[in-house]
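First comes one chain, alone, set out as structure tokens in the form predicted alone.
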């Protein structure tokens, strides 16, 4: 008997496609093999890894590492090696971005609801949330972490991309079969197709999400991530404002592109660079050029 929670598996051309939901996103794994059982095993492994990471780092669960840190109310916390790596990455992102990429800024969601409505919070609500933002107030020496009481960690800007990389690496360890791992539009190819051809990936037009690809990108190995306002935004005074917030002001980034897509070695690197480009506002293209990475920018 097939479990109701089992991934859905279907044949698409000469690959198997497994679909499931994790991290509040539609997920799929494309497996370049003729063997259905092998494909099913790899899809199940990818799903298990995605859900493991979701359980561990979700801010919404009371059994996650993030919850344990928050429940400590400012007490020192000694993270395991995996959590330490993510904290170290978050610290590096903060420094490299000049303070624009701040994993403590998720608390700003208390003020904003990006549901497409024509609304924005008042200044007092934003100021109240901003009082709890600021990575420099965190104490982290690589072994012991201390988050001041009232502040929060939010790995939402890293977690899905990290899960993609982790799942793709796990599948590569288990099998030489080429796979494309796609969690909510953030993806990694762990190898070229068996005939040497690249995977073909479509990037949605932010004005017509799900209705056709704005770009079609050839991907043989590496990560691809997109950041933008296609699904999460508000409208304020006739202007569309995306969900990426400037941690210095508490407001959506001014003059941000509609979307930024980046191709890089890993998904987490691609996602970080895409977000950092959005945070530059009108300087998104110049930022990507300065980093020497391949990217696609859809201007507002």
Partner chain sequence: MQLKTTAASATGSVRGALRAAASVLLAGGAVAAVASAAHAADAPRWQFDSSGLLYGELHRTTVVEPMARITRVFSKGSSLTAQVDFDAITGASPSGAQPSGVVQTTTTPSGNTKTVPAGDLPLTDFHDVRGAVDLEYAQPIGSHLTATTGGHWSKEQDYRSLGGRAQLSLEVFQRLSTFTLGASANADVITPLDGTRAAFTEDDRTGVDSNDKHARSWLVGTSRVMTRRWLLGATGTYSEEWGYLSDPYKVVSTLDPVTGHTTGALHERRPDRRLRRDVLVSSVYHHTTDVSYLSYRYYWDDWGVQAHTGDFRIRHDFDETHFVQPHVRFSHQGEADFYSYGIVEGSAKPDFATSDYRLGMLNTVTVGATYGFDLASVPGQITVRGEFMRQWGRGYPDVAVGSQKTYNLAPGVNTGTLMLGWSVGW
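Numbering follows the first chain given and starts at 1. Model, not experiment: these values are computed from the prediction.
Although not depicted, the form predicted in complex with its partner chain is the subject of the following passage.
Trainee: Residue-level question: is residue 221 within 4.5 Å of its partner chain in the model of the complex, judged on heavy atoms?
Mentor: Contact check for residue 221: yes, within 4.5 Å of its partner chain in the model of the complex.
Trainee: Answer yes if any heavy atom of residue 145 is within 4.5 Å of a heavy atom of its partner chain in the model of the complex; otherwise answer no.
Mentor: Result no; residue 145 lies far from its partner chain in the model of the complex.
Trainee: Residue 149 versus its partner chain, in the model of the complex: is there a non-hydrogen atom within 4.5 Å?
Mentor: Output for residue 149 is no: heavy atoms all beyond 4.5 Å of its partner chain.
Trainee: My question is simply whether residue 102 lines the interface with its partner chain in the model of the complex - judged by any non-hydrogen atom within 4.5 Å.
Mentor: Looking in the model of the complex, residue contacts with its partner chain do not include residue 102, since no heavy atom lies within 4.5 Å.
Trainee: Tell me, which of 180, 153, 111, 86 has a heavy atom within 4.5 angstroms of its partner chain in the model of the complex?
Mentor: Among 180, 153, 111, 86, a heavy atom within 4.5 Å of its partner chain in the model of the complex occurs only for 86.
Trainee: Scan 201, 138, 133, 191 and let me know which has any heavy atom within 4.5 Å of its partner chain in the model of the complex.
Mentor: The option sitting close enough to the partner is 191.
Trainee: Taking 4.5 angstroms as the heavy atom distance cut-off, pick the stretch from 169-177, 102-110, 122-130, 70-78 that is near its partner chain in the model of the complex.
Mentor: Answer to the contact question: 169-177.
Trainee: Sequence order please: the residues of 27-63 with a heavy atom within 4.5 Å of its partner chain in the model of the complex.
Mentor: In sequence order, 35, 36, 37, 40, 44 come within 4.5 Å of the partner.
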